[in-house]
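Take a look at this single chain, the form predicted alone, given in structure tokens.
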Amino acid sequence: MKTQQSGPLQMSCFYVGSALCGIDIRVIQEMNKQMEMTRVPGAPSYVLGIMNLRGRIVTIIDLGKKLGLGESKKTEQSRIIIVNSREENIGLLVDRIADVVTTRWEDVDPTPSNIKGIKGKYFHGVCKAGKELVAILDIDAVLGDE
């Protein structure tokens, strides 16, 4: 496990394809249904574009593509999770939102090197949520890796 954190962890969970992922709720600004964005010429393939969200410019990335799971399909259940990383607003396109899960950092296990085709380097670890395994996204690793 990359992180040496301890104590409670509250995550907002979501699906990227069939993979259940979670993000520490403290880094999430909001969840948005708006899908209108402007393409950015020359941007990496996982960058879908930018959007103006109440006066803020937000870069939108296809989280499925970034994690190596293939392109996300925009459906009625798709959402954009707005996070703040390195003083920049970033939107993550996900397939659908799941529950909020509360656990403890002490209950987080190391990430298997390759879970469901996802690049393990993008995660703090995994934990159980009922019968499912939640991969805990390291947002700085995802957004810092070009």
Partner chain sequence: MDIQNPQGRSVFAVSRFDLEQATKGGKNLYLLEFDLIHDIEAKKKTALDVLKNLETTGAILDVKLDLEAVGDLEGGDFSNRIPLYVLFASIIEADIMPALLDLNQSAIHAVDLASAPAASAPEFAQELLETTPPTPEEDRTDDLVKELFSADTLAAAVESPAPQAGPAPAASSPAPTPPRAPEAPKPSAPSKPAPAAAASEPEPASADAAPKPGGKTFTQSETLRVHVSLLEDLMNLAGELVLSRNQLMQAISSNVLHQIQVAGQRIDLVTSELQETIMLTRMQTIGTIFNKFPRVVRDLARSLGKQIDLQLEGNEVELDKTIIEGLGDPLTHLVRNSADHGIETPEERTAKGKSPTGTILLKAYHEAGQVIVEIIDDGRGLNTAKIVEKAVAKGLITAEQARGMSEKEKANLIFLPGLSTAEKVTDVSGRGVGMDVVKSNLDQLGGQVDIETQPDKGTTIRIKLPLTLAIIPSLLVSVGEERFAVPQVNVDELLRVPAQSIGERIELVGDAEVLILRGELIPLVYLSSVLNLGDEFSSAARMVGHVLRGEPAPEKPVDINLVVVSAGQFRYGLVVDELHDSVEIVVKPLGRHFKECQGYAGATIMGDGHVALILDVAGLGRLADLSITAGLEQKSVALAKEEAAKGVREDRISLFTFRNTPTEHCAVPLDLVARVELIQAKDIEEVSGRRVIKYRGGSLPVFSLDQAANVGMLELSGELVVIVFSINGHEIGLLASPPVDAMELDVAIDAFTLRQPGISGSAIIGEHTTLIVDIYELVQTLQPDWFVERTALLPDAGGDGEVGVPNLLLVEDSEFFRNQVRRFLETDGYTVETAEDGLVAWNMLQADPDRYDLVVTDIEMPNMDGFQLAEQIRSDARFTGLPIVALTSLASEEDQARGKAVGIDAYEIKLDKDRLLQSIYDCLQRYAAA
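Numbering follows the first chain given and starts at 1. As the structure is a prediction and not an experimental result, all values here were calculated from the model.
Same protein, other form: the form predicted together with the partner chain, not shown, and the subject of what follows.
56 is the sole member of 96, 56, 104, 33 with a non-hydrogen atom lying within 4.5 angstroms of the partner chain in the predicted bound form. Site residues 50, 61 and 90 are all in contact with the partner chain in the predicted bound form, judged by any heavy atom within 4.5 Å. Contact with the partner chain, judged by heavy atoms within 4.5 Å in the predicted bound form, is confined among 74-82, 96-104, 25-33, 39-47 to 39-47.
Remark: residue 86 counts among the residues lining the partner chain in the predicted bound form, judged by a heavy atom distance of 4.5 Å or less.
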